[in-house]
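We begin with a single chain expressed as structure tokens, specifically the form predicted alone.
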Amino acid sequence: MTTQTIHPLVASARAFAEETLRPRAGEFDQQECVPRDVLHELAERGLLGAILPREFGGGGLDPLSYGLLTAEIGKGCSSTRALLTVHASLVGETLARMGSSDQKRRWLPDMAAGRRLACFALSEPDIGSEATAVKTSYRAQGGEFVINGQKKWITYGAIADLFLVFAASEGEISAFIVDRTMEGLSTKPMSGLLASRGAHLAEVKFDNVVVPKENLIGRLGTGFTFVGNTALFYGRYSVAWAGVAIAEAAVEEMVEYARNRQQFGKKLRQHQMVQSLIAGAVAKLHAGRALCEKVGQLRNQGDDAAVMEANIAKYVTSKLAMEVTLTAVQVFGGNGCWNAYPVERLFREAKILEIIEGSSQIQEMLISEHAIRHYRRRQHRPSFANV
């Protein structure tokens, strides 16, 4: 556990999560909607723009503290945390790093204040892990661009004001900010989801949407190589902390249940088998948190190693979140399969983390490539020149 001083924004996130989010998370899940008043309070507390630069109205929070903040919100409600991931990390941090001075001035202040919500529009009906094969297209038209196509599974796409859109032209991908008010953009809310039910997921259609050239992020053709990969790094860091958040919430729920539930004449916590389940879950939680803190510290230091470490942390914490929530369901028994108890929802939310921001299988490919380059044995080999 980090020994650094807890930032006031992290403390505010903890209070907001405990007082507002956690008591209502089940309601948001069942109603498939995080209400606007909750998102407004998130912004009013300065949490929505916490990671954004102070010069644009943000909190200027360091990455490690922001990870801790993300975990607090995620512990309270995963669907609410999802807004931090897409709005602040995938779009906000990417604009702060890759956007022009004019683009930063135009969009970041409104994003930091919550006046405009942003989402990340990469996935498509037939394109998920193969992100470089996007079918949404753009063409140059005078000094503007015209976008056509469709995106799917877009978190907060149903209510977002700004869309960071990835589109292709002759095999080259570029990134654009598209405003909801632009003619030809339409959204359709998605329902019946396994999890992230309150996160306003949507399909997004672009029908000859005209985008001014000043909405191009970076240079033409660098949309995925630079903009997309930068965004995914920030997103994976956020999702890694989301795994910690879900695991910690599940541990707290199973411990509370084990302290109060009685079986065979004694409390569950007194049964050795239950103690073993809890011990394993806590060990995994601590390991995952330590990994995320390491990435946060690397980011604080500006160390490029943070990129691969974020991939590893995201891979590990999404898997341990599944393992810990499965354990929690087991401790709860039949009640763990009922939505009157939160572990049923936490189990579903954990599964999503193994899919979003690069599936576990994609992370395995990236980590394996890294291992092959960096974990070769460095040893002296005998010379056979004189043999």
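Counting begins at 1, following the sequence as shown. Treat the numbers as computed from the prediction; the structure is a model and nothing was measured.
Below, we turn to the form predicted together with a small molecule, even though it does not appear here.
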Subject >> Options 149 to 157, 100 to 108, 209 to 217, 261 to 269; stretch whose heavy atom lies within 4.5 Å of the small molecule in the predicted bound form >> reply: 149 to 157
Original post:
So, Ile127, Ser196 and Gln361: all three within 4.5 Å of the small molecule in the predicted bound form by heavy atoms, or not?
Top reply: yes
Original post:
Within 4.5 Å of the small molecule in the predicted bound form, heavy atoms considered, which of Phe120, Tyr138, Tyr234, Tyr315?
Top reply: Phe120
Original post:
Which of these residues, Leu326, Ala43, Leu61, Ile356, gets a heavy atom within 4.5 Å of the small molecule in the predicted bound form?
Top reply: Ile356
**OP:** Flag Leu201 as yes or no: does it have a non-hydrogen atom within 4.5 angstroms of any non-hydrogen atom of the small molecule in the predicted bound form?
**Re:** yes
Original post:
Would Ala11 count as touching the small molecule in the predicted bound form under a 4.5 Å heavy atom rule?
Top reply: no
Original post:
Using 4.5 Å between non-hydrogen atoms, is Ile352 touching the small molecule in the predicted bound form?
Top reply: yes
**OP:** Evaluate Ile73 for contact with the small molecule in the predicted bound form, applying a 4.5 angstroms cut-off between non-hydrogen atoms, and reply yes or no.
**Re:** no
